[in-house]
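One chain follows as structure tokens, the form predicted alone.
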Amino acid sequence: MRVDPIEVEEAAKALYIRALKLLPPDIKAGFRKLDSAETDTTGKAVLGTMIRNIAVAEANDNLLCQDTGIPIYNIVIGRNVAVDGYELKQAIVRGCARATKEHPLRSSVVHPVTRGNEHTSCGRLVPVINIDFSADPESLRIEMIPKGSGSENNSWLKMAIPADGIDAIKTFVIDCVLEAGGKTCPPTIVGVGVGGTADLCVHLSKVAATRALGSVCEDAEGARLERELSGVVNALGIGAQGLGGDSTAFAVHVETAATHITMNPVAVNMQCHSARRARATFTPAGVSYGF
């Protein structure tokens, strides 16, 4: 299967707009679950307002949040797919810029020193483009995630001492959630990376934070950590928008990687309640869109 760069560009544009306007079904279900279990009066009222905001935004074809975020595109290339890698990345950049200019969208991307804004949601090494491969035949997937600063500003890395064991990981995660408080616009998805190198660990925490609700870590130990931490986090009382209650997080997600015998890195990255993402899948039958 050969992938047309023009179709990739169109998909990159459409995905950015789609991600900003449509909340994935699993997140909506997560809201309903939290709302049904919330015992705090204020928390219940805040959740109701947030749920109403989602409905109004979608009914009026409007953005779910004013923060259009830093655009992230995750690409997974299957077997027997012919694509020019450089042109693929350039097509993503063009599509991202077109979405920003043609929709139009607020560009939240600036130069880190001058703070200059090109008003394209693009800049040096942005959009962030991650490329991976799968065994799926004749398939190319593009996932778009607009990562807002409210969630991205709440990111941490700790190079834990192996001798401190699992308790160091749990304590660090809880401390991070407490430090974030209401700044991440909870309820959140708390992404936790464990192992690897420093940079891989942080990447894993973001992969975990942007996973679909209901998904489970493929590593049995990571899955166990997810179960243990999810209950603890919602017992902290931070609640929706940090105003108190039971709904601090939809879930805690964990991703793991092998690491060195003398280190045990752990990272936390959070996703806000507007956990936006959109996906396009290219097959010989055409392009399909989903979440």
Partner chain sequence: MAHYDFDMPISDAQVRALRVNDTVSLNGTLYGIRDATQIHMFDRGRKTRFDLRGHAVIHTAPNVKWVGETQAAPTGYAPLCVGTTTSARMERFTRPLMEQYGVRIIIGKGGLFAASQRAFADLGGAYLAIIGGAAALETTWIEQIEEVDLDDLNPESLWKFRVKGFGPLLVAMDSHGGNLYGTIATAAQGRRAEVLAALGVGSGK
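Computed from a predicted structure; not experimentally measured. Positions refer to the first chain, counted from 1.
Same protein, other form: the form predicted together with the partner chain, not shown, and the subject of what follows.
Give me the residue from 74, 210, 107, 155 that has a heavy atom within 4.5 Å of the partner chain in the predicted complex. Flagged contact: 107.
Contacting member of 236, 29, 37, 223, with respect to the partner chain in the predicted complex [4.5 Å, heavy atom]: Residue within 4.5 Å of the partner: 236.
For the interface check, one of 201-209, 123-131, 99-107, 80-88 should have non-hydrogen atoms within 4.5 Å of the partner chain in the predicted complex; which one? Of the stretches listed, the one contacting the partner is 99-107.
Heavy atoms within 4.5 Å of the partner chain in the predicted complex: does residue 219 have any? Residue 219: no contact with the partner chain in the predicted complex.
Verify the contact flag for residue 159: yes if a non-hydrogen atom of it lies within 4.5 Å of a non-hydrogen atom of the partner chain in the predicted complex, no if not. Answer no; every heavy atom of residue 159 is more than 4.5 Å from the partner chain in the predicted complex.
Partner proximity in the predicted complex: residue 195 to the partner chain, non-hydrogen atom cutoff 4.5 Å: Residue 195: no, not in contact with the partner chain in the predicted complex.
Non-hydrogen atom contact residue 66 with the partner chain in the predicted complex at 4.5 angstroms: Judged by the heavy-atom cut-off of 4.5 Å, residue 66 is in contact with the partner chain in the predicted complex.
Across 46-66, which residues bring a heavy atom to within 4.5 Å of the partner chain in the predicted complex? Contacts from 46-66: 46, 49, 50, 52, 53, 56, 57, 60, 62, 63, 64, 65, 66.
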